[in-house]
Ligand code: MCA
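Before any questions on how it binds or moves, here is one chain, the form predicted on its own, in structure tokens.
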């Protein structure tokens, strides 16, 4: 394998457009050429960087993809870091990974250079690297380490997930087959590029297929809706928070604009929601507005995507579907038995070529994360008529109350049906009577209104069993979230 497959395939689409912005277009050949120049610059006098860690601090776009490919073509390991992170968070990622170089641009290099000077880390502004002769690049094998992607770290310090080129290829090929990517596809990319959703599901799948990407530095709703109405896209991927915002925008639009927007969404061949649970109510509301049935899927940094609703067939609200091609899934109960029947909950465990190898420099944690070769996700699920439904995280979303194991996600879905509630987060809080009390933090649609716990409990009695009814309530202006828009439930606990 002299060159990794993702990059080698680009030669088949050399003259096709890989990235398009309002002011420029870049072909696959441009991407190959620029990444070779940057790889040569990274190598310097070396012939192979031999899995040295190189961090990347760039927004989505041509420069990001060229930098990523350059890191790999030079034989290094890519370490994506968050554009909006604080300096201590950057320092943690750089020092924990042992990164020696940061690839940035003129804007981001100015922000991180003072830290890098203190740490002795080199900063290269990729947009300032001149075109020059290309060196002989090292030959690579699929089992070499390709990326260290840090987990969100909501309950402890972030862990570096180490994936090989073979892992990444398996993740891409599974989605290419399941979601029927082709060279004719066109997709916007506005998700963070330190997360697997943006890196693998969108950028890498699109570039593998020879498709076209329109990058945005953030979710620019007016610009994206304008491009949608211009028939610019065939595929759309977003997180649930964005779909909620789009629903609000559609409902607030004039009749003519609303008709244009919904028609544009209806023309897309595929719309996907991920990175957090999509409430069934949002799923159904989106279909009612646009005619599009969102495809929800399930994955993690450690495994890529593992489960998906089908491209052809029923896309069931509240469920994440079935195992993806090449991925094995099993459920294991708390008793240690493998679940062999439907409607019995268990921890999702995953096996396949998509699964990561280890956490960076954490051998004990890595060993604890596998059960006889199966990765332990820490997520509870149940199989219902052939489809997996996520119940929540073992440590966060499963509430043990009154002898019952309750899914916080299920209770949240019911609360979102309340006419006054815009957003909510349900957690378990220590309670002498219940063990854990079902507790809810809610954001109201109208901040001027009030919501009393007794009123909410009465409303819930018609919709939830008594042991699922919230015992505590906190009304907040905004729920704490991480960079991907996920509600950080350890932080929500502090609201009480």
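Take the two forms, superpose them, and find the largest set of C-alpha atoms that agree within 1.5 Å; that set is the rigid core. Residue numbers count along the first chain shown, from 1. In this text the structure is predicted, and so the values were computed from the model without any measurement.
Heads up, the form predicted together with this ligand isn't pictured, but that's what we're talking about next.
Remark: residue 315 does not count among the residues lining this ligand in the model of the complex, judged by a heavy atom distance of 4.5 Å or less. Taking the partner from elsewhere, residue 471 is found to have a heavy atom lying within 4.5 Å of this ligand in the model of the complex. At a distance threshold of 4.5 angstroms between non-hydrogen atoms, residue 126 is out of contact with this ligand in the model of the complex. Contact check for residue 188: every heavy atom lies farther than 4.5 Å from this ligand in the model of the complex. In summary, among the residues 195, 78, 73, 227, the only one with a non-hydrogen atom within 4.5 Å of this ligand in the model of the complex is 195. In summary, among the residues 157, 218, 266, 136, the only one with a non-hydrogen atom within 4.5 Å of this ligand in the model of the complex is 218.
Only one listed stretch (86 to 94, 234 to 242, 418 to 426, 357 to 365) carries heavy atoms within 4.5 Å of this ligand in the model of the complex, and that stretch is 234 to 242. In sequence order, 275, 297, 299, 300, 301, 305 are the residues of 273 to 310 having a heavy atom within 4.5 Å of this ligand in the model of the complex; the partner itself is omitted from this view. Core-superposed comparison between the shown form and the other one: the Cα of residue 454 travels 2 Å or more. Once the cores line up, the CA of residue 411 ends up 2 angstroms or more apart between the shown form and the other one. The pair residue 319 and residue 466 separates in the model of the complex: their C-alpha atoms are at least 3 Å more distant from each other than in the form depicted.
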